[in-house]
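Presented as C-alpha cells, the chain that follows is alone, the form predicted alone.
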C-alpha cells in the first residue's frame, strides 16, 4: 500500500519559520503542495524565506512580528487570513535559549525566555484560533526535551517548555470539540541549527551528544518536518494532546551527556 501526503490547497502557517528547524518544516510542507505563511522578528529573513518557498513552487507570504507583542501577532495573522483564508495547519515554533545557571541569570534573562517560548506560544494560539479551520485544523507546538528533563543551566527553558506542553494538552481539551487537534513535537539534537551551535559549541560536546543518541546520528530539520506532516495529515487525525519526542531515542537516556558538558561551560 502506498501513502501520499498531499497538502495541495492547504494553508500552513509557521511562526518562527524563517530559520533552523522551523524553516525546514515550512520548506517540507511547500514540497508537499501547501501554501505557506511564515513569520519571525526579521523582515529580511521573512523576505528571504518567502522567496525560497516560491522557488519550491509554493504560494507564500510572510510577516515580521515579535511573538511577545500580541497586537503584532494578531495583525500578521489577520493579514494571512485575508490573503489565504482559513488555516489548515499552525506550527508555533518561536523560541529563545542560552545556557545560564539560576544564580548567574538576570530576572530579565529568565523573563525573556519565558515570554518568547511560553507567552509567545499562547499569543500565537489565541490569536490564530479565529482563523483555524473548524473542524480539521491541526496545531503543532515545537517543544524541547527540557520540558520534561531537568538540566543544569536550563531552568528558564525547562520552565517555559514545560508550560508549552501543558498549554498544548489543555487546549487539546478546550478546542477538541471544535475539531481542532493540538500536539507538541519535541526535537532532539538537530544538526546545522543555531540551537545546537549554542548548546554544543565545541567538537567535544558535539561528539558526546552524538554518542548519547541511541540511533547514533544527529537529527535533521526534515525529521521534525516529517513528524509535523504526519500530525497535520489524515494519518494523524485521531491524535491530539500528545507530546512526541523526535530525537532518535535521546530522551530515554535523559538527554545524555550534552547537558552535563554544557553545564561545565557556565560559571
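Note that the structure is predicted; figures quoted are calculated from it, not measured. Residue numbers count along the first chain shown, from 1.
Beyond the structure shown, there is the form predicted together with a small molecule, which is absent from this document and is the topic of what follows.
With respect to the small molecule in the predicted complex, the three residues 68, 116 and 194 uniformly fall within 4.5 angstroms at the level of their nearest heavy atom. None of the heavy atoms of residue 78 is located within 4.5 Å of the small molecule in the predicted complex. Though the partner is left out of this view, residue 163 does not reach within 4.5 Å of the small molecule in the predicted complex, counting heavy atoms only. Interface residue remark: residue 106 is counted as part of the site for the small molecule in the predicted complex, having a heavy atom within 4.5 Å. Interface membership of residue 198, defined by any non-hydrogen atom within 4.5 Å of the small molecule in the predicted complex, is confirmed. For the residues 95, 147, 167, 128, the 4.5 Å heavy atom test against the small molecule in the predicted complex is passed only by 95. The partner is absent here, but in the predicted complex a heavy atom of 112, alone among 172, 159, 112, 72, sits within 4.5 Å of the small molecule.
Just one listed stretch, out of 128-136, 175-183, 98-106, 80-88, contacts the small molecule in the predicted complex at the 4.5 Å heavy atom level, and that stretch is 98-106.
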